[in-house]
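Okay, so here's just one chain, in structure tokens, the form predicted alone.
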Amino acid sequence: MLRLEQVTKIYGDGTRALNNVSLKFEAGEFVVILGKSGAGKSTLLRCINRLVEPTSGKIFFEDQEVTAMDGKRLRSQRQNIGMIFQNYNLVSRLSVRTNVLAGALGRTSAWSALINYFAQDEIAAAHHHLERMEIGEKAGQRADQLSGGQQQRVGIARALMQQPKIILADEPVASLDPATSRTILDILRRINREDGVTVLCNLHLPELAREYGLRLIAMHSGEIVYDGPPEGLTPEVSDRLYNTPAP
């Protein structure tokens, strides 16, 4: 479904965030990408949908080279890839409903979006996703009136509006308390199981990674240091992952 071939990202200040990363993901996987801050996890996800441009290497989604796309083809491809952010990325002054409808912008004309006009079936879909997130009653409220966990549910509903084949969740629980974190991860796991949507989820806590990931990828200094089942991530591997200084 998705593969990366020798992907490298070097930022303008010389930071090598990714170093010749090659990975392959199958449809329907729930993968947790684990590592401390600066390991390259966020850069990896953002290269997949080209919010960050790789310095070198190739990325393929369903055998189409994402790294060769531009303009309309890239916008169309991004509809297949939902993104969930650590800090929610909602427009705080707009309603919950309007934030969710933003996920349908790829199917809505620019003029209709400008005047905040959406087809009735899109509005119905937005309400369906909010009900699924158990916050349907919040549809008319401003986004900034919600708790952090509720805002992240809005972010997930917005991603589902894209009808994605894959969801990239970039530290979706880093700003949340432990109980709310598990609630959000339970929602992502349910979407994975019920909808068959592939989920790539960045986390920095090994205990959550072992609990939710069917496959774990551990990163350190822009490189893959482990790729396998949760039970293979031993305390010794975790200790090396978090305590080995960057070169």
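What you are looking at is a predicted structure, and each value in this text was computed from that prediction instead of being measured. Quick note: we count residues from 1 along the sequence shown, nothing fancier.
Another form exists, predicted together with a small molecule; not displayed. Remarks below refer to it.
Item to check | Stretch from 191 to 199, 208 to 216, 58 to 66, 31 to 39 whose residues place a heavy atom within 4.5 Å of the small molecule in the model of the complex | outcome: Contact criterion met by 31 to 39 only.
Checklist entry - Is there a heavy atom of T15 lying 4.5 Å or less from a heavy atom of the small molecule in the model of the complex? => result Result yes; T15 sits at the interface with the small molecule in the model of the complex.
Checklist entry - Looking in the model of the complex, any heavy atom of T43 within 4.5 Å of the small molecule? => result T43 belongs to the contact set for the small molecule.
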